[in-house]
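We've got the same protein chain twice here, in two forms, each standing alone as structure tokens: structure 1 and structure 2.
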Structure 1
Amino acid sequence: MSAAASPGKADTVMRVVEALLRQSFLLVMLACFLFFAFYNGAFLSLGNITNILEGSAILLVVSLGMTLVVAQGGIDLSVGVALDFGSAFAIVAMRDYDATWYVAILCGLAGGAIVGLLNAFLVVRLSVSPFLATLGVFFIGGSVQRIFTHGGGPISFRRLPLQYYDIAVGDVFGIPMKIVIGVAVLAVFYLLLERSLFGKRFHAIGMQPSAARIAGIATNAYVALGFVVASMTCAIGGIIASANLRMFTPLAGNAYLMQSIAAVFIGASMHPRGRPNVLGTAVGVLFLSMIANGLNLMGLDFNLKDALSGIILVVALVFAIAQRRLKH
């Protein structure tokens, strides 16, 4: 009896282990959440949860822009430049040209569109690879910012219109405006990329560009549009940042580049087919924001905090990739 029962128990253990591995990334995320909650009771407070969600709003919109470009088979290393241009164009429009708050927002979006159009021109018209094209725009954009600010000094404007300032500090029925904007952009991207013919064509271009062209999809037009929409989305992050700080800080957007890439690839690693997806990116952003917040509450040294963040991210990605392979 015992010899017969032993294989059955082994099979049960294997099934349990496999079931856990299938949800391994979410288990890692839950383990981190419980650890931070146990270590510091303030982690679970409503104020801190709100801080996490508010603090992740800019990263979310930038990561969603990155998701769109990666979904079409590219990469965008200039997302930080688009964010900076959105911030700079809006602040300068109000400070130097007395623009109203809504005109300033349009100017910020235009600043992002310029970055996207330059990327689209290099990739579509000149056939430069997305990596090299956006890397070039990254360097060009950084130089333009330093030249315009005479070396990189911030441009402040303390007399912001109240409506513009409310983009960062206002609320809608008690919900902070940053969270409202982040959720709104998330909803638009979900409908656009995951629930529309437009999104299916983007994914088709990213997975099989030759087949997409044969099917009659105007791949060049979609790729160009993807870069422009992504950069304008990142400019929204710049508008939020400028409203929050009441200034434009050159090169500040670079801080979001690697985090946005990490969030997109966390989300892609969780997908059964390994493709970028909006909800996966949102989970990746939430994970990164939670880790940063939890480590801050622990009061760790800055250098040690970055190292631990990297270790946790690598472990989470390993489990997420294992999870995806088990689903095949």
Structure 2
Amino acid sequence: MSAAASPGKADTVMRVVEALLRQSFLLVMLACFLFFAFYNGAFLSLGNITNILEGSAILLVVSLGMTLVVAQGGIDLSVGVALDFGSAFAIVAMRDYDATWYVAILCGLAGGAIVGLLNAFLVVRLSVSPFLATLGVFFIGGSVQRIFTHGGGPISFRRLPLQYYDIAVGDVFGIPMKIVIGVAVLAVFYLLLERSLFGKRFHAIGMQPSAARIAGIATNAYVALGFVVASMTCAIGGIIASANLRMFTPLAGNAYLMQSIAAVFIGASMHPRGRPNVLGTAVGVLFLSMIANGLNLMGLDFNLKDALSGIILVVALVFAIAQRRLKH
């Protein structure tokens, strides 16, 4: 049994320090929030806050897919490809095949599923490590998009069905549709990963695959399922993006890769046992979106902003992982 801990003063201090450490991301977030608010009054306006939330939707959806894969012990570098495929399949279905808006959505999801199935096949059947398998798919996916678009030019489709366009610009009772979709996917993932029996199994596989297997869980099936669901979720992000811009932009998804990884690890660092979790990921996404928005408002040079957010990502990752190690 664990060593007896005397409930003394030192213990209380330790607990406070530990809680502070665990919530330090929230503190950093608060500090950044205050900094941006102080620096530029426009940051706090309702319009800008809505902007941040709306702008988080795609990253949130992609990060949730990533959360699922990381929770089951892998990583998915092909989230960007899945996103792009979702966007491309939907746009092409409508432009070249006159698909209705819901058929187009289904096509987009199918595009994501193709990427997920390829990942699942490589990881489960061919025993390639998730990192290398999805890295390969990342390369191939990028190349396929360039081939398909003859070098990377966007495929635009101005005459989108109105319902499809509404995915990006519509609203439900005045709440922007992107926020509605983001919250809905968040709720589904929360139920799936944190409340359902499937979630328990995913987490068990991610923590100790051999123990999960011996407990009678069909680990291979779950890993495969996880990759497919994650890719289809990313495709939702692609569908939003394509509706927003009324076109498919090749390789646009890659921008979300590192950000989604960072969001997942930031979220994990806030979990008492350092596990990737849905709500933590959501906080991580908000943090990253807020930084991006704040830097935008500061009017920095595009490249400098890019570099800064890259460095912030690495620092956030280091911070999250070092903190997780501290706990063990």
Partner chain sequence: MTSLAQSPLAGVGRLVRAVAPSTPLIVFLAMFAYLGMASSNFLEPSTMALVLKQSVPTVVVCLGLATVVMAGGDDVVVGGIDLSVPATAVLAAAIIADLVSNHAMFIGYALLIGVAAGVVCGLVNAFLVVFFGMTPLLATFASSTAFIGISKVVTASRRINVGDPLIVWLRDGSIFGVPAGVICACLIAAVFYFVLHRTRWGLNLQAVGGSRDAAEMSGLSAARFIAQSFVIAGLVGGVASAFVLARGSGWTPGTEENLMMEMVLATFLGAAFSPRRIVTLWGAVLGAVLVSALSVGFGSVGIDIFWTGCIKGSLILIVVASAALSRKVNA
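By convention here, residues take numbers in order along the sequence of structure 1, the first being 1. Computed from a prediction, not measured in an experiment: that's the story for all the values here. What we label the rigid core is the largest C-alpha set whose atoms superpose within 1.5 Å from one form to the other.
Undergrad: Out of structure 1 and structure 2, where do we see the form predicted on its own?
TA: Answer is structure 1, the other one does not fit.
Undergrad: Quick one: CA shift at D301 between structure 1 and structure 2, core fit, Å?
TA: Its C-alpha position differs by 2.6 Å.
Undergrad: Cα shift of I311 between structure 1 and structure 2 after core superposition, in Å?
TA: The shift comes out to 5.4 Å.
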